[in-house]
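Take a look at this single chain, the form predicted alone, given in structure tokens.
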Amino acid sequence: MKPDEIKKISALFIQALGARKVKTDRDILDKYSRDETSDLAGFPDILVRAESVKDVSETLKICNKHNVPVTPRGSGTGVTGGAVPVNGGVVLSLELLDRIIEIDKKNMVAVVEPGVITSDIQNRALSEGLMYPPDPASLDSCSIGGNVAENAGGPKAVKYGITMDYVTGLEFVLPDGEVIKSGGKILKNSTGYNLIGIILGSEGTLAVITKIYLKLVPAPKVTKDILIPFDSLEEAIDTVCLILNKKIVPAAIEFMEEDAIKLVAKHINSKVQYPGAGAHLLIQIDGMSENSVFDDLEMISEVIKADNEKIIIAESASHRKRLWETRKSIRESICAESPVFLAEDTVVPISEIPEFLIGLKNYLKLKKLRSVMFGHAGDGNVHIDILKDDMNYDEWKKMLPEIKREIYKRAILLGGTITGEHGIGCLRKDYLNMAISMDGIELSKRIKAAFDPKMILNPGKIF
């Protein structure tokens, strides 16, 4: 936007919302120019911090009337550039819409605003004997509105599902400022088109979410975590398939391959268990009784292809936290080792994980690139982080398209797709046609046009 346009639109916002909610100071705007995507930034012209659905509606009305691009933003923890204002314009921050409006124990539903931190919802639900299961890696910093916009997953997806499995209602604002409500404290709804399903995972390109209804479930009374070291990734994944085929459904089954284990051992202060292993499995079992959890543990022990004496079972909360520290420290360790890196989160059938990752690692070694691989073994969602290290920056940028295309091609050939939980954003939009037909993309564009005829909402994302 030109300086006179910024001044004009800012004045309209101030008149409609009040000066306190509107910022144009460059030092403040800088914080909103990036999310957690490595090596990506886009500077906004104006920041609006909404405090109510009315603020959101008024902001969008002004932007729609004057054809100003709007980038909705929660906590900015995404890793595909979804909250980065690559086209400038207005960042509409929802961080102050952060109330847990209600925990309805009778109906087992939470009603929340989009700026609430996900772990706060979990903790409030737990205090009432209930659980909100989706648990993205950044749950202590990510906001629930972003989780809904990205349809976030997490380790517990194998048993409990992902964000879309818990959203029973939404209030959202269209780009022209109209406020829509769909669903609510109900578990079934066959009334017209599934607008909730369309908004879920739409990455802020169709509407701005202002209220969310979330299904809760009874919190398990017993939880145990198990760390199992293996000599190879193949052995670890074979064990995962055997566990699932035994009709055991763990709350989580996470894996780390050798390079991930070694990198974390290098960077975190606490001692990593079995740092020389070819792979780790971290399994969480939960249930309503000690007996049911013990039965699952016994069946798991029967199929494990590893040294039983090396298996660690954590029973206390503090021990479980220590056991998970290695897995939760991977991203931090990668950033410390190489601040610029490529983060991919493809998904393949569970049984194909070893072939996919081993073949890919060999390919990357030929390119003289270091990789760190880990992820959700229970649902086939694998994270592939490739480190720039000291490679020349221009050379790094030049080779990225080839690397991405190779990763996606290999995943698709094995029956997978290009992203399991991070979304398309602006990093993967050039590769969308590898996973979706052109007819499918054109249909998606027509849906976008129906919601946002002037194309002001989160431009530069997905398409």
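The numbering used is simple: start at 1 and walk along the sequence shown. Because the structure is a prediction, the values reported are computed rather than measured.
Another form exists, predicted together with another copy of the chain; not displayed. Remarks below refer to it.
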For this session: Select, from the options 158-166, 226-234, 68-76, 258-266, the stretch whose residues sit within 4.5 angstroms of another copy of the chain in the predicted bound form by heavy atom distance.
Result: 158-166
For this session: Consider Ala450 of the chain shown here, and say whether it contacts another copy of the chain in the predicted bound form, taking contact as heavy atoms within 4.5 Å.
Result: yes
For this session: Classify Asn194 as contacting or not contacting another copy of the chain in the predicted bound form by the rule of any non-hydrogen atom within 4.5 angstroms, answering yes or no.
Result: yes
Exercise. Would Arg446 sit within 4.5 Å of another copy of the chain in the predicted bound form, counting heavy atoms only?
Worked result: yes
For this session: Using the partner position in the predicted bound form, report whether His280 sits within 4.5 Å of another copy of the chain, counting heavy atoms only.
Result: no
Exercise. With the partner absent here, would Gly88, Val340 and Met391 each sit within 4.5 Å of another copy of the chain in the predicted bound form, counting heavy atoms only?
Worked result: no
For this session: Would you mind picking the one in Ser93, Thr118, Thr205, Thr210 that has a heavy atom within 4.5 Å of another copy of the chain in the predicted bound form?
Result: Thr205
Exercise. In the predicted bound form, which of the listed residues (Asn308, Asn245, Ser316, Asn362) lies with a heavy atom within 4.5 Å of another copy of the chain?
Worked result: Asn245
For this session: Taking only heavy atoms into account, state which residues of 172-201 are within 4.5 Å of another copy of the chain in the predicted bound form, ordered by sequence.
Result: Phe172, Leu174, Glu178, Ile180, Lys185, Ile186, Leu187, Lys188, Asn189, Ser190, Thr191, Gly192, Tyr193, Asn194, Leu195, Gly197, Ile198, Leu200, Gly201
